[in-house]
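Have a look below at one chain only, the form predicted on its own, in structure tokens format.
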């Protein structure tokens, strides 16, 4: 039996994708539209307060394409708090015109493939900031789920720890070349959702998503062992832009 990699877990993550029923939204009265918008803005203010107190983080993006209209990405210390923030939105007037279309549940994860010996993660501020991150305020987001392949000779879980560590170091070197242009948050979802990991990328230039993912496809970890789900990409919605976005 191959040695299982040890992981560090931080905040829990919910990627909550919503579809707006624009026809219903346009048919309701102006007062009801205002009530729906105000309810969402009130939630946004609550999420901003949570973030300022470092009790979690939230990002809101308009999804480009037909797969969804909105993405709410929430990080919270517990699964119960994720349930509460999801339920709060579901019970709001805005939910009458914005229904869930896809979701992803996971937890921020760091593996020990590249761990520094002798370092206590609980005492390392850099590690703790990665486990409990404040989500970047970039203009664009990209999210996709992924698995490590388990087929024939290309079975990630049958490789030795040494081989996996070597390949992950090479894989990480590609990501480090994009430092300053893209921020990556890896969340583990084994036992929590349908895929094994969620990858969320943040950048001010969306072309960086294409270049980074494309370059990584040539790395052995992705070329031999990567299986990828659907990609979602979006543009950031500040409170002011959210009001403009919902105007009909």
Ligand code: 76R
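Quantities reported herein were computed from a predicted structural model and do not represent experimental measurements. Numbering follows the first chain given and starts at 1.
The same protein also has a form predicted together with the named molecule, omitted here; what follows describes it.
- Using a 4.5 Å cut-off to the named molecule in the predicted complex, each of 146, 168 and 184 places a heavy atom inside that distance.
- Residue 43 falls outside the set of residues with a heavy atom inside 4.5 Å of the named molecule in the predicted complex.
- For the chain shown alone, residue 136 is not a contact residue for the named molecule in the predicted complex, no non-hydrogen atom being within 4.5 angstroms.
- Remark: residue 36 does not count among the residues lining the named molecule in the predicted complex, judged by a heavy atom distance of 4.5 Å or less.
- When contacts are judged by a 4.5 Å heavy atom cut-off, residue 102 does not count as touching the named molecule in the predicted complex.
- Of the residues 28, 62, 216, 192, just one reaches the named molecule in the predicted complex with a heavy atom at 4.5 Å or closer; this is 216.
- Of the candidate stretches 62 to 70, 28 to 36, 207 to 215, 45 to 53, only 207 to 215 has residues with heavy atoms within 4.5 Å of the named molecule in the predicted complex.
- Taking the named molecule as it sits in the predicted complex, the stretch 161 to 176 comes within 4.5 angstroms of it through a non-hydrogen atom at 168, 171, 172, 175, 176.
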